[in-house]
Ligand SMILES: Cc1cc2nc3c(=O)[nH]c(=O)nc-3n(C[C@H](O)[C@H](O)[C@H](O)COP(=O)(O)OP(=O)(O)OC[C@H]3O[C@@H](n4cnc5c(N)ncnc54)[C@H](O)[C@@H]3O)c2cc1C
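Only one chain is shown below, in structure tokens, and it's the form predicted on its own.
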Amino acid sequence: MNDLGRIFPLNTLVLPQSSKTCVVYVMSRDQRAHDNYALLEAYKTARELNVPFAVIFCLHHGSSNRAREHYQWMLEGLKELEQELDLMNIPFMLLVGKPSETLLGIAHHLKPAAIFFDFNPLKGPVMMQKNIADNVDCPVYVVDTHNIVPTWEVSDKQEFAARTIRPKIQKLLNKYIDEPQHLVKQELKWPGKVKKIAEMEELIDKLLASIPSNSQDLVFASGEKAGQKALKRFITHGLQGYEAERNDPSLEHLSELSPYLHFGQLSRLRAFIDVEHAAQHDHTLRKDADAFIEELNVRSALSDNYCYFNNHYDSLDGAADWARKTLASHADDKREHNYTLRQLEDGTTEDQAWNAAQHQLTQHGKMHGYMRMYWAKKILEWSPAKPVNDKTASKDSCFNPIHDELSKSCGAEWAIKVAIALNDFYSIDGGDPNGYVGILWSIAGLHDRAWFGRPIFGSIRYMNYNGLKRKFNITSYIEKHNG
């Protein structure tokens, strides 16, 4: 086993000395063949035991609020991944069904010597992995190949803010920035036939047909190769000036790596190594590289840390006491505007800046990070002071799955639910710890401090349109996305 701390055992069982069958890696959050420590460690174990190795991916919609287009985008990447693993003689098994039931069934059938999982701090994957570990007769491991420094190595508690987690990451960083090894071709043959993704089209189409569409035409290509190209393009054409211009929505000077990082088609470690290498060879890029690495490494790690240690990352219960108290004390404050769910989803409010941000999200599957803060804070400002049974949402609205919850909610609780529903359904990187933390920061002061009190917000940090005008050319941003 690797002694770097990336591997965390989920049960107390040990590798068998006899009756060895196979080793499987259940891929989920890190959908790539390269720079993948979960894949490397699982394959290494199989070779040490001299047994066949396979990669499993479980496709299931379940209770998530993701759109059909995002599943289609992910599947394009998985098809490329299947081909890449095939070159290494490593079978890729796409399973369709509820993860716990499906994986327990395959474990009962294969009787693997070991099972490896990707690390994911969200409660659904954590509960599923624990259920598997408690109900199989082999050791089960989770490997953090998503973060540069493994989450459980960084801290053993919920961190207060970036300033508290940053030194802990920096202390361990040199231990985890080694160049990953390369896969070697598997010599052992997998027993039995494995269906290719192309042979499962009917089953996949049936699943996709059950998932609501958001009508997006995503312009960025999917897959590990596309992620690597995007990284090279950013370093060559986008890194210069990133530090000064990244927070100006009118310029859109962004890395454009978020989709690839979210689906694990690109490794954060690879992005760190390559950007750092560029800065070492061109010292004029130092500040730009540091700004990018702060977001790539520290901010992402802070999000995973929060979701890992706080199961209430998607509700007001996850906020600090001071934030809940100040929001409660202003829950009955008068609202200047009351918008319907349909108006919010369609981006037809009186705030043209907010509409532009919403249109950018719904049309392009992404929103500039600075505008997402403003967007979420306005949802709080427009939240109803008392529960409202709003039936204006269309039949294919992202709000339909949570309509009953929304009709019983108000204030910050309502705002958080609305923001998460919109973000998860329309953003290509929806359902990510960064998204939950960004929404909780904006609406409930997570990782922030108390500010001057004002109506509705209480001591939560406030943003307004005049602030946008002072910050950047908001008119240009509005014209681009409301045109």
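So that there is no doubt, residue numbering starts at 1 and follows the sequence shown. Owing to the predicted nature of the structure, the values given are computational and were not obtained by experimental measurement.
Separately, the form predicted together with this ligand exists; it is not shown, and the next lines address it.
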query: Stretch from 298-306, 328-336, 111-119, 170-178 whose residues place a heavy atom within 4.5 Å of this ligand in the predicted complex; finding: 298-306
query: Heavy atom of residue 423 within 4.5 Å of this ligand in the predicted complex; finding: yes
query: Non-hydrogen atom contact residue 126 with this ligand in the predicted complex at 4.5 angstroms; finding: no
query: Proximity of residue 373 to this ligand in the predicted complex, heavy atoms at 4.5 Å; finding: yes
query: Interface membership of residue 52, this ligand in the predicted complex, 4.5 Å heavy atom rule; finding: no
query: Contact test, all of 28, 72 and 77, partner this ligand in the predicted complex, heavy atom 4.5 Å; finding: no
query: In the predicted complex, the residue from 439, 415, 46, 38 that sits within 4.5 Å of this ligand by heavy atoms; finding: 439
query: Answer option from 105, 401, 369, 387, heavy atom within 4.5 Å of this ligand in the predicted complex; finding: 369
query: Sequence-ordered list of residues in 245-269 near this ligand in the predicted complex, where near means a heavy atom within 4.5 Å; finding: 254, 255, 256, 257, 258, 261, 268
